[in-house]
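Let's start with one chain on its own, the form predicted alone, as structure tokens.
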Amino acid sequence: MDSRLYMSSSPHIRSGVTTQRLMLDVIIALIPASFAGVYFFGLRAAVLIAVTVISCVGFEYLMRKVMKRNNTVGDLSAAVTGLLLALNVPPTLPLWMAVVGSFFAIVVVKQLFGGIGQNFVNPALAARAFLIISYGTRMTSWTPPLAKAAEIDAATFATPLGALKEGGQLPNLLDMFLGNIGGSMGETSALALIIGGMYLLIRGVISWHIPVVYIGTAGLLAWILGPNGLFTGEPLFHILAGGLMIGAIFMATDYTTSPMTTRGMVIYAAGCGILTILFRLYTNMPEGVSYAILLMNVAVPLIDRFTKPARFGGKAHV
């Protein structure tokens, strides 16, 4: 028996799970939503996914070379950012705009702040917000899914949340659940996103706290703040519409930009849900998920500060 005592720096409890394995799990979980996007919007969606993934990986490789740091392309985090970015933009977005968004996500939001684990907001969401500010018309131009293209005038087509804002005809809940509606190609099929979320939960990549509290808070507030007085809202519509599902499952749960403690996760997720519905109901924007999560990302250090447990032998934090 080896009786020697080995000294090492913390952490002393280690796991065999690597960043690459975690990112691969996220990619696998996003496959159903990616396939749904291609199915409903055609091969143009597949091309857009390829462009954003390749450009994000390329920008990460080049930026690490320029900064003379070890290359992190192999951890797959850039590929995840590219895939999430593609799923958060219209399937008809010009490819050069997708490349601009990839540059902003990887170079500006991620690498200029030190790389993976150092960015203070989600890169894909920040890139989506940047694209909306820079190219608002193209980022809010929607086409119907292929199955409905022949019967709907694309020039007047609106997403479910856009129709709600404009007082137009709302799609039925089954179409919203399956994904046979317009919108960013990764946010339309709630079924595909739930399948991916279940995979992440089973694999232990995410916990249930953020998705469940986020979605539950948004649904509850949407029901309370109904259009015809208190408790007259349609919570299921708001849960299935827009980017709530993809935001709650894949964006808000990002390790780097979400709280470390369970109590912090609950506060953070509730804040995301409240802000999402307030943006949707009381601003000119039909959607509010991106900005809600980004604002709560900024608040994460403060949440961590007031929810971290007391050190052994120390005073409780107040």
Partner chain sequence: MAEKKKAVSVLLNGLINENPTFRLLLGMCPSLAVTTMAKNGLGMGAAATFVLVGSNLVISLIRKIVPDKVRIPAYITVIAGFTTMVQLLLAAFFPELNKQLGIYIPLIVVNCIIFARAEMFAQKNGPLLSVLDGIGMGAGFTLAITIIGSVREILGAGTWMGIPVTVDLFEPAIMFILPPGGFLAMGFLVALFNKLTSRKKKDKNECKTGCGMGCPGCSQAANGGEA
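Numbering follows the first chain given and starts at 1. Please read all numbers here as calculations on a predicted model, not as lab measurements.
Beyond the structure shown, there is the form predicted in complex with the partner chain, which is absent from this document and is the topic of what follows.
For the options 108, 225, 178, 164, the one in contact with the partner chain in the model of the complex, meaning a heavy atom within 4.5 Å, is 108. Residue 133 is the only one of 133, 202, 230, 174 with a heavy atom lying within 4.5 Å of the partner chain in the model of the complex.
Screening 100-108, 181-189, 238-246, 216-224 for residues having heavy atoms within 4.5 Å of the partner chain in the model of the complex returns a single hit, 100-108.
Within this chain, residue 112 lines the site of the partner chain in the model of the complex, having a heavy atom no more than 4.5 Å away.
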